[in-house]
Structure formats: structure tokens, C-alpha cells
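Okay, here we've got a single chain as C-alpha cells, the form predicted alone, with questions on binding and movement later.
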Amino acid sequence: MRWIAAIFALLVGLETTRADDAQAAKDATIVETLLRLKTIDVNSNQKLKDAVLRHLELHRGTPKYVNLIDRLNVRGVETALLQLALADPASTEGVHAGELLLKREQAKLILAQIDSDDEAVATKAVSLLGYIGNEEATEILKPLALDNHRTRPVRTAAANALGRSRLGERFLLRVVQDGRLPADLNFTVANVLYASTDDSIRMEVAKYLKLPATAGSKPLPPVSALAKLSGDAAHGKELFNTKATCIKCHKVRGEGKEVGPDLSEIGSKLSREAMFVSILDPSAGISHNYETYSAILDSGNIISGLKVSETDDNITIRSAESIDKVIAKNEIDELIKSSISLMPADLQKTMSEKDLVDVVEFISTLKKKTF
């Protein structure tokens, strides 16, 4: 009897599959007909819209998905478009989804993500506008870069996003010329404008901003150019453990100190450009749980470092030297979260350009082990 039941189940499954295939074929025919007619509003007929939505699901995550939504003017899918756009803002599908949201006057959905408490989501939404790069996206980005109420990573992302279009570059240059650029964006904007393909922009920004200098006061090229250089990983490892002092704050496969993030798998997480930025401008994007805190004590003393633990009575602050200090809460007058990274700025001044490239070459090899 069991084999009869099994055969019956298979037959039912086969019939279901055939029914699904038939429905998919019918839906595809309806969509093709609607595309040819161009006169029927799919949103006014629920049966037609259901057929279109089922067909769309078969193409979710492909260029056809956004294209069909646009051509058929399907409404009520804006949240899905936003999710697609934020999943990969640097992809063709992500950009097309974002462009369609702006076309439908749904910029408010993107702005809501920028205003969210989730900094990672906010910076993705900002980056999306940069990859879209049209006039509307640029106008949204302009105030974000200069808004001191925004976090440093969001403002940095906005400056980088503006640098993806000529309109954005020209805006940033005017801000620099007018003396309105916040000091903490000097590095980011200098990198953006020195990397411009417009000779006049590069010549003009040189009057106002300088790129970081290495040992011997030699200015570095823009990060985009540095990222294209190859280095000596073995020499980079030696520098990492000595002159560059990285090992004093970071662990790599069990060695080093746990002040900053563990770098054992950093090569699987960051691009080369992001690695250079993290060294040259460490406060641009501080990792979650590695923000610097300053505890101002009743005595007038100030203790700064990472907040590694907190109880009802005490807070433990870890210094740049990896020394943990337990502070009683009743001794703290104020605890301030800082936008400045505990990682020292200007580390590149202890190295040559080649040394810096070698260090990045080494940390690029630190990837998640595959078995």
C-alpha cells in the first residue's frame, strides 16, 4: 500500500508542476500581450496585475525585473525596488531600480533609509544616489555632505558619491573655494577632486587642498591610483609588525593586540581602496563597536579609548596601548562618544609610498580560509 501512496504523491506533484508550468506560460503570454498593446493599465485590473506580479517573481534579481516594472508601469512594488537597489547599489540592477524610484517621485523612500539609525544602510542609500549620478540625485546629495548633524561616515559617503559625477565634482570644488568644507572631509574631497578627469578641477583644487604626504614629505597620489599599484606582501608583513606599528593594535591569526578590529580575514571584507582609506583617514568609517569614548571624571581627568564592557556600576575603557581601565560610573561626570578614531592619523608619514603599498598588499592576502 505504501508504494501506491508514493506513486499517488508523485502523480499529484507532477500534476502540480504541470499546472505551475501552464500558469507561468499563461502569465508570460499575458505580459507579452500587454507590452504590445501599451494601452491597458495593469493596475486597474487585479487579475491582470496578479499575472504580471507572478511573472515578475520569476525574473526577480535580473535586469528584466526592473525593465518590466517600468514598461508596464506596475505600482505597489516600490519597496521591492528599494530592497533591490540597496542590496547592491553598485550594480546595474541596483542603479536601475534606484533610477525608477526617482522617476516615480519616490526619493522619500531613499531618504528614509539615509535618516535611519542603521549607518550601514544609510551609507548604502547615499552611495546609491552617487551611482545614479543624475541631477536629481546630485541635488539630494549636496546638503548631506555638509550637514554636521549627520555622522562622519554618512557625510564621507555623500562626498564620495558626489565625486562620481561632474556636477558633483564642481559642487565640491565650489565648497572648497568658498571655505565651506568641513575639515574632517579634507582628505575625502581632496581624493575625489585630484582623481577628476577634468584638468581644470585638479589644477584648481591643488590651490586649496593637499593629499597626505609620506616620509620625506612626498605627496601621495589619489587612493584610486594607489589601489592599482602592486606591492611586496612579504615586505608588507614585515612593516606591519614593525615600522607601521599595526600589530600593536590589531590581531592577525592570534598574534597582536586587540584594540582595533581583528584583521585575520580583512582581505575578504574590504576592497584595496577601502584599505588605503582606513589607513590614511581612519576616522572616515569607524567600525561598529570600535568607536572611541571619552570618560570625563569628576576629578577633571579624561580617559579615552574603546568601551569594551559596561555593567550597572562600571565601564571598562581600553586604551590605544591595549590597557583596560575599569571606571566606576559614580566617578564619571560625562561619557562622550567621539567621531575620531583611536587609530592614529598620519601613519603613512613613517613610510614611503612603496612601503604603504606593500602593507596593503600584505593585508589583502589576509582572507577567510576555505577548506
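All residue numbers are counted from 1 along the displayed sequence. The model shown is predicted, which means the values in this text are computed figures rather than measured ones.
The protein also exists as the form predicted together with a small molecule; that form is not presented, and the subsequent description refers to it.
- Segments offered: 223 to 231, 256 to 264, 114 to 122, 145 to 153. Contacting the small molecule in the predicted complex at heavy atom distances within 4.5 Å is 256 to 264.
- With a 4.5 Å cutoff on heavy atoms, Ile317 does not count as touching the small molecule in the predicted complex; it lies far away.
- Residue contact with the small molecule in the predicted complex: Asn160 places no heavy atom within 4.5 Å of it.
- Among heavy atoms of Leu270, some come within 4.5 Å of the small molecule in the predicted complex.
- None of the heavy atoms of His96 is located within 4.5 Å of the small molecule in the predicted complex.
- For the candidate spot formed by Tyr65, Ile69 and Gln106, no residue has a non-hydrogen atom within 4.5 angstroms of the small molecule in the predicted complex.
- Tyr290 is the sole member of Tyr293, Tyr290, Tyr208, Phe171 with a non-hydrogen atom lying within 4.5 angstroms of the small molecule in the predicted complex.
- The listed set Val31, Met343, Val42, Leu56 contains one residue whose heavy atoms approach the small molecule in the predicted complex to within 4.5 Å, identified as Met343.
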